[in-house]
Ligand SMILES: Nc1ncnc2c1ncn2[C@@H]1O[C@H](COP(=O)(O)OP(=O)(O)OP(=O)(O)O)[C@@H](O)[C@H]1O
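Heads up, the chain below is alone and in the form predicted on its own; it's given as C-alpha cells.
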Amino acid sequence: MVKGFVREKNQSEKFYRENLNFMERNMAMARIQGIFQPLVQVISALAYVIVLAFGGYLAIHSFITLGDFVAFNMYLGELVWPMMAIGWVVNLIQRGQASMKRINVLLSYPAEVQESANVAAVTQLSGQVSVQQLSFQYPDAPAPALSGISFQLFPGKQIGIIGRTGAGKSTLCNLLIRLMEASAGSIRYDGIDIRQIPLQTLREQIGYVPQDNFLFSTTLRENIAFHPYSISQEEVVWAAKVAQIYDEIMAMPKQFDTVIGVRGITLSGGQKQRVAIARALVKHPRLLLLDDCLSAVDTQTEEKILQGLKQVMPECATLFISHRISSIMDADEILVIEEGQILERGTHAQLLAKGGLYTQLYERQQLEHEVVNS
C-alpha cells in the first residue's frame, strides 16, 4: 500500500521522527541516571569523610572509645548498599506501574457479551435454529441494521441470504454466534434461548467463516487445526480437500508446514478464504455460517467447493451468505435482505417467478457472466 501510493518518503520521515523522539527520551533518562548514580556515590563517600573526621575527633578527645568508632564505621558501611538499593527498587516499581497501567487497560476492558449467571447445562446442539422478529441497531446509528428478521433452519438444510452491501447480512452472523447482543427479538437453538446457552458450547458447535479471514503467522496446519482440542492430520487433510486447497498446499515446498506470514500475506485472497473454510469444517460444526466466503474464488473452484460442502451439509445446518446467486441457488430457502429487512423469500424458482429484486440481481449477474465469457 505504501509503495502503491508512493508514500515511502513520508513513512520514512515519520519513522525517523518516532525514533528520534524515542532516542531523546532515552537519552534524557540516561542523563538523569548518569547524574544520580555518581551523586549517590559522592554522598556516600562524603558520609565516610564526615564520620572519619568527626568520629576521629571524638575518639581522640575520649568522648567515644576506639571500638565505638570502628563499630560505627562498620554499621555505616552496612547501611550504604541498602539505601542505594531502595532507590533502585523504587525506580523499578515506578517503571513497572507505568507498564502495568497500560496492561490493565486491556485486562480490565469489559466484554461486550457477558455470559448469563443461570445458563442451561447444554453441551451439544443439533443445529436447529429459530429466529423470531430479530432486530439490531448499532449505537448512534440513525436506523436499525436489522429489523423483524424471522426464519427457521433445521439440520441438513441450507438457507441462502443475498442482498446489497450494507443490508445487514454480516450483522446477522455476528448475532447468531453471539458476538453482539440483539436489540429485540429472539434467537433459539434447539428451543433454548441463545442467552441461556454457555458461550463455549455455542461457539464450539458453530463453524464460522467471516468475510475478513484472519490467518495467523504460523503454519497452514496450525491455521486449519485452530481448535481447543487436538485435531489429527487426517482431519486436516480431509478439510483441506473439501475446501479445494489441498492440491495447492501439497505443491508448496513444506506443504502443511509452510509458514504463511502475517495475516497469511503469502497466500492469495482465494487461498485465504479456502483455508478459513477448512478451519471451520475441521470442527465438524452443527451450524455452518459462511459469510460471503467465496468472493475471491473463481467460478470453477466455487463449484468444486459447493460440491464438497454437500458432504458435510447433511450433518449440519448451513447459512450461506453470498453476493453470487450461483452460490445459493440450490438452497432450501433464499432470503433477500434489503435495508435490514427480508424483502423476499422462497426457493430460486419461486423468487425468479416473482420478478422482484432477486430477479434483477440474477439477470444482472447473468449479463456480467456473458460479457466476461464473450
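What you see is a predicted model, and the numbers here were worked out from it, not measured in a lab. Don't overthink the numbering: it's just position in the shown sequence, from 1.
Beyond the structure shown, there is the form predicted in complex with this ligand, which is absent from this document and is the topic of what follows.
Heavy atoms within 4.5 Å of this ligand in the model of the complex are found in exactly one of 87-95, 169-177, 74-82, 126-134, that being 169-177. Site annotation in the model of the complex: the residue of Ser217, Gln233, Thr165, Ser116 reaching within 4.5 Å of this ligand with a heavy atom is Thr165. Screening Ile245, Ala145, Ala225, Leu289 for any heavy atom within 4.5 Å of this ligand in the model of the complex leaves a single hit, Ala145. Arg324 falls outside the set of residues with a heavy atom inside 4.5 Å of this ligand in the model of the complex.
Although the partner is absent here, Gln211 lies within 4.5 Å of this ligand in the model of the complex, judged by heavy atoms.
Although the partner is absent here, Tyr109 sits far enough away that none of its heavy atoms falls within 4.5 Å of this ligand in the model of the complex. In the model of the complex, just one residue of 107-142 lies within 4.5 Å of this ligand by at least one heavy atom: Tyr138.
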